[in-house]
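Two forms, one chain: they're shown below as structure tokens, one block per form, named structure 1 and structure 2.
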Structure 1
Amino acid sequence: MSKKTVRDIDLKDKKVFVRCDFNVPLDENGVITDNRRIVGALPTIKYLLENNCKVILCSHLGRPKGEVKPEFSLKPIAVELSKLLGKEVKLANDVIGESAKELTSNMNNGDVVLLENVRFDAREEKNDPELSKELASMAEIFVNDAFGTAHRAHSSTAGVADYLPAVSGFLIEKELKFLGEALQNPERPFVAILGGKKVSDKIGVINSLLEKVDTLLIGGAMAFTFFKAQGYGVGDSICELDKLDLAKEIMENAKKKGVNLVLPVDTKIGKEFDPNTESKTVKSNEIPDGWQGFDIGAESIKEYCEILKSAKTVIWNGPVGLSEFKQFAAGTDTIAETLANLSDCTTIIGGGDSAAAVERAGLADKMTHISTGGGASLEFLEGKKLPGIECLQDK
């Protein structure tokens, strides 16, 4: 997907509308607890400022559902951005109202204005053309740098591109480079690790990856649907009984395509969903009633890591166990450590919970690329067209 970036367009002295992803976590006092998404937007913003642009930033925060809710105000983001940029970022009190119009009309080159939470306007998520037109009227160029919302056809992610020349920022450029190259021209062996709860959530990704990978490692609760499809007992583990035929079909498909689909040989199980529950490790085909599978077992960890050590490209989406509970985090943590120690391998973490696990382990900087979009990276891996990418100009 070769899309134009901010480097491919004349920006000098222009007024630029930038869709960022400032959907950061806040504590109960409205204090930002993780500013990485804000830091991630800095290269694009700084590049625009270096080109003497007037920069209008836009983002959502949380799910205010079209209503003005003070707890979802972007005020903390404006404060943090001002600190990081070393210059004042003015916050409009609204999205397209008097405050936004006044601040964006009276900008000088090098000024930065942040609009209030775009989802305070109910029309945003409906991709309403009137809102898109109003947002576009503030600027001369549209830059999308919010990969996390690129799978949404909203006014600020796609609609604005109907009225302005549209290019990507550096974050989206990086996502397209790493995810795109991995899917189109991977160095082999190419290994994918898929975790998470449900086969149904990942069916599109599984089918897409079976066309491309050499080995597919399955973990997380979705493994139990595959076990059940083979006639194994899964105790009280999460299992999609209506997806057993689908699981059989996937396994058959993998065989036909010569893909090594690997399931855990052993499973760490617990009595109940509790961080301190009684636990033990059993063979994956011997999970007793009254127990639930919460992590891949020690033998599986060893097997998975041996496979990963010979890989040249790895995509990982979804933890292989209940990694938020310490006693069921060994599978996920050991895989993260193994990937961190691979010196000659492209390691791509597909956002969401797997990205959180890598960051929690303090290994984020050892990965080649951590996607900034959970849902967006999943849809990209499926081969779906993302509205926030499709709307950008081709090179």
Structure 2
Amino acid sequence: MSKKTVRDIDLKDKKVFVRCDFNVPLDENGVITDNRRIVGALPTIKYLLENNCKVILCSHLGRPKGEVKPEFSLKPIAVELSKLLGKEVKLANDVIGESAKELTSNMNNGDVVLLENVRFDAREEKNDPELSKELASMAEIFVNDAFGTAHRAHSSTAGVADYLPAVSGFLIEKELKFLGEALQNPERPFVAILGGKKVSDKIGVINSLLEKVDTLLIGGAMAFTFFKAQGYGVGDSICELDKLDLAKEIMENAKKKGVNLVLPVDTKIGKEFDPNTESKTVKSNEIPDGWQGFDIGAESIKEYCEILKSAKTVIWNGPVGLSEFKQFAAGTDTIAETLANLSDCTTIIGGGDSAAAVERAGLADKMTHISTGGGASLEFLEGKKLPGIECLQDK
């Protein structure tokens, strides 16, 4: 069932409470290192301003655990937003206290107020109805545009919809369009690339994608659990010994469903977890003791990229190697370049580290869609219902 968006209700001149996900990475000096989530919220905010609304923005940042902690203040976000919008965004210095009340009750049409980190209030993560009610009392309409937090049932992401007409913003609409269409109606061949650290993080996604894709390319540390399940030695590579049966089950399941599940034939290994460690490439069933697998090997890169070249839909979740270290980034970087050069293929990137890898390679605008959701995009791909979306009005 599709959900109403800001286009589907009359919000002219209204006071609107907008939940965004401004949970962006900050460096040790509090400088934003990736503003994609802020940029992603702009279309909705601009649309509301064009409609003469009073815009109250709300977000969390990090996990302050219900306490006011200055290092989790939304101050850097208010500054960045003001810059991007080209207009002043006033930051309240509390969530629903004196400052928030004063700023939000004295607004003119076209004003933008950002509330302080909603997780400074311990009731937020408990989805406490009292907090939802207080947040709702500030406005006439609830717009949820926090896709990255849509898998959390919290007061500001879901609870507030009990007290106000609730619709989605353009970012959530866009995320649902790309992720949803890929799952429901993909152009084929449909190929998924799954990497990252652990099989256990991605079991739900693997099982769900096995129902949909033609080919599943496995990379990253999770490959070693599959190798071990086939009886290979994996040296000191990351490997989940309690998931070997599961890995076998996944391989059998793929066979039954006619899905081509591909594991790397070769692996680039290193001596230590260190950017400058000694490294070499070996056949995947010949990883010696005392070594760790950190990337897919050159032969695998070639094979994976050949498969990708004929794909019409690709979903990529999780880097295929330790791509933060230059000498183990070739797999991830070459896959990113290959996807960037596909002209007739829908390419969807989900997962924080995969998105960061594509960004690092300077290829972000060459992809069809880079999700702003980490956990949320995983849960969506698993086919789970997301509370921040379920709570919105149906079309």
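Counting starts at 1 with the first residue of structure 1 and goes up one by one along its sequence. From a predicted model like this one, the values you see are computed outputs, not experimental measurements. The term rigid core refers to the most C-alpha atoms you can superpose between the two forms while keeping them within 1.5 Å.
- Form assignment for the chain places structure 2 as the one matching the criterion, namely the form predicted together with 3-phosphoglyceric acid.
- Once both forms are fitted on their rigid core, the CA atom of residue 35 lies 2 Å or more apart between structure 1 and structure 2.
- For residue 363, a C-alpha deviation below 2 angstroms is recorded between structure 1 and structure 2 after rigid-core alignment.
- Residue 26: CA moves 2 Å or more between structure 1 and structure 2 after rigid-core fitting.
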